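Shown below, as structure tokens, is a lone chain in the form predicted on its own; questions about how it binds or moves come after it.
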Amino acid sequence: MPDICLLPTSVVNKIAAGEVIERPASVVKELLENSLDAGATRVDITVEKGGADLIRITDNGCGIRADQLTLAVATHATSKISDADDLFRVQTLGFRGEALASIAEVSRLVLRSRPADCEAGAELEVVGGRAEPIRPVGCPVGTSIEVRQLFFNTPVRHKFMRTTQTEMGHITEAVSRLAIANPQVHFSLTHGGRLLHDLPPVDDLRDRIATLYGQPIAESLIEIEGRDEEVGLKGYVANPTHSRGNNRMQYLFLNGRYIRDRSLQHALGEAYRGLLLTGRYPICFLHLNISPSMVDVNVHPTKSEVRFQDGGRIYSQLLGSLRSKFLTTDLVARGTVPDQPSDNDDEVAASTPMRSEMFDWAKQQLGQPSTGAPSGLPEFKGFPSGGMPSMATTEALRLHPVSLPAEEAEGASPATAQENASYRVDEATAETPAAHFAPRAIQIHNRYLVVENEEGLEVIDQHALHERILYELLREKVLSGKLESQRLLVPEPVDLAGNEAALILENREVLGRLGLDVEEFGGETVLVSSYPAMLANFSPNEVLHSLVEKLSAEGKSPEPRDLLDELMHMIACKAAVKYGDRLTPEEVEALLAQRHRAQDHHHCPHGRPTALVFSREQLDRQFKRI
């Protein structure tokens, strides 16, 4: 039987380095956290060849005394905790005492430092874990750490390093996370002698976000703030018009520490449910402030994973704060138009006399005194009727708003509601309050509604808007148990393939909440005995096959809530007016009258915008008015 023995310190440090130091970006992260814990207000990062040749971190923090430099690179030596109880009230970014020892074990490290009360600094060099004698050196107040030839003595780890561009991308991301968490600190990042980022301290986090991720992202941010007795939430989330194909731009910070937490990411996704397309992820920069006693940060050596004492409370705080903010925020998408190149100054100057002549000629054609029309212009023939359009003709172009659907109007009969089972908009008219802006709307290409509003011009996707209205109406009725369904006189058999029949029968209860009752018939056939009233225009066979696709997409064990929501999306989509349906003017106005009944009318249930708004200023610019 082999003897049990203690591992040498060098081996222990190499094992720790395998967990803590994954790549050059890990070195940058750990050293930056030490600088911030030291109270630095400026940190400069210099990198060569993606960190493989050199990583230098220089700060103006409190510094390290000469007699403590050796301890600084020793295993499990730290100034941030002193006993086990401190693990439950950690208020610093680092506390494990592993980072410097691990880095020194797999690189050539030079540590220079000088506290403010010392006249000279001190330098310690460590090569592959072997420390040289400490020597005095001249240096400014603060600490400078150089890490050269990372993984020079662990060739296997060195072989798995990626290209310079890839490693530099990870380093930039590590710096960005800490720069967002600490906007009051000045950061600079240089690679290969080229300054990549110079981030001076800012009072508004949005200024730093604009520098790192661009002005469009910064301008789309919505401020979020929420607080209860022990949990504070503050930061920004992006308007749904800005999203990503992955969750890499979801920055969650806990007491200044960047974390990744699946529960909080799920809450974020739930807050954006119905505002983003499938496969798109929201953007956020959110800071959580929690009592250190309510969270365990000693979960993983990288300290990016944490455990909450009351995770449900944090989840609810994040979800509730975001949804409350969205309900009071205008999330209607704003259209963008490309900037037209400005006219040449000489051309503008030359055109001024011509403009005067044109104005003079126009007045003459309208029968007003004029100095004469410029030659070569066509003679004005007047309107076909011999004059200006009549007032009656002009009024005929105006559309009037209409009432809500008949089944919701006062005095509507059950028969009327049944006839309107497809939930198409009603054609009855109603007066608009005088104080309300009366929009004028037309339908174009049987797809879009163009509406005049107080801001300018709004283009609405008729199907997306009607789908959102029906979805919220459907959800309200499902939650209240008042969804209309009709019993079929003769149950309709539907033939399915493979295990689809079993899939439908397994989710019978969820389907029943939508007014769709199915029964087992034998083999791969099921019977549909009742059916949602709003789907009267669609066959049970068609709808059931669509439902099977949704159920299959959700996986073997879909969450009932998510499944119900997806099915409501599908029913609302099928019942809504279609992309290409011709609407009467009354139907157009009825649809517009209903949209403000939906909380999230600016997006359809699948996350597509229902409308684009173009301001008068945008239009004026395109027509050279301003």
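Owing to the predicted nature of the structure, the values given are computational and were not obtained by experimental measurement. A residue's number is simply how far along the shown sequence it sits, counting from 1.
There is another form of the same protein, the form predicted in complex with adenosine-5'-diphosphate; it is not shown, and what comes next is about it.
Contact with adenosine-5'-diphosphate in the predicted complex, judged by any heavy atom within 4.5 Å, is made by just one of 577, 64, 591, 567: 64.
With the partner removed from view, the residue among 483, 271, 72, 175 that has a non-hydrogen atom within 4.5 Å of adenosine-5'-diphosphate in the predicted complex turns out to be 72. For adenosine-5'-diphosphate in the predicted complex, the listed stretch (177-185, 88-96, 248-256, 235-243) containing residues with heavy atoms inside 4.5 Å is 88-96. In the predicted complex, adenosine-5'-diphosphate sits beyond 4.5 Å of every heavy atom of residue 465. Taking the partner from the other structure, adenosine-5'-diphosphate in the predicted complex has no heavy atom within 4.5 Å of any heavy atom of residue 55.
When contacts are judged by a 4.5 Å heavy atom cut-off, residue 34 counts as touching adenosine-5'-diphosphate in the predicted complex. Although the partner is absent here, residue 143 sits close enough that one of its heavy atoms falls within 4.5 Å of adenosine-5'-diphosphate in the predicted complex. For the stretch 503-534, the set of residues having any non-hydrogen atom within 4.5 angstroms of adenosine-5'-diphosphate in the predicted complex is empty.
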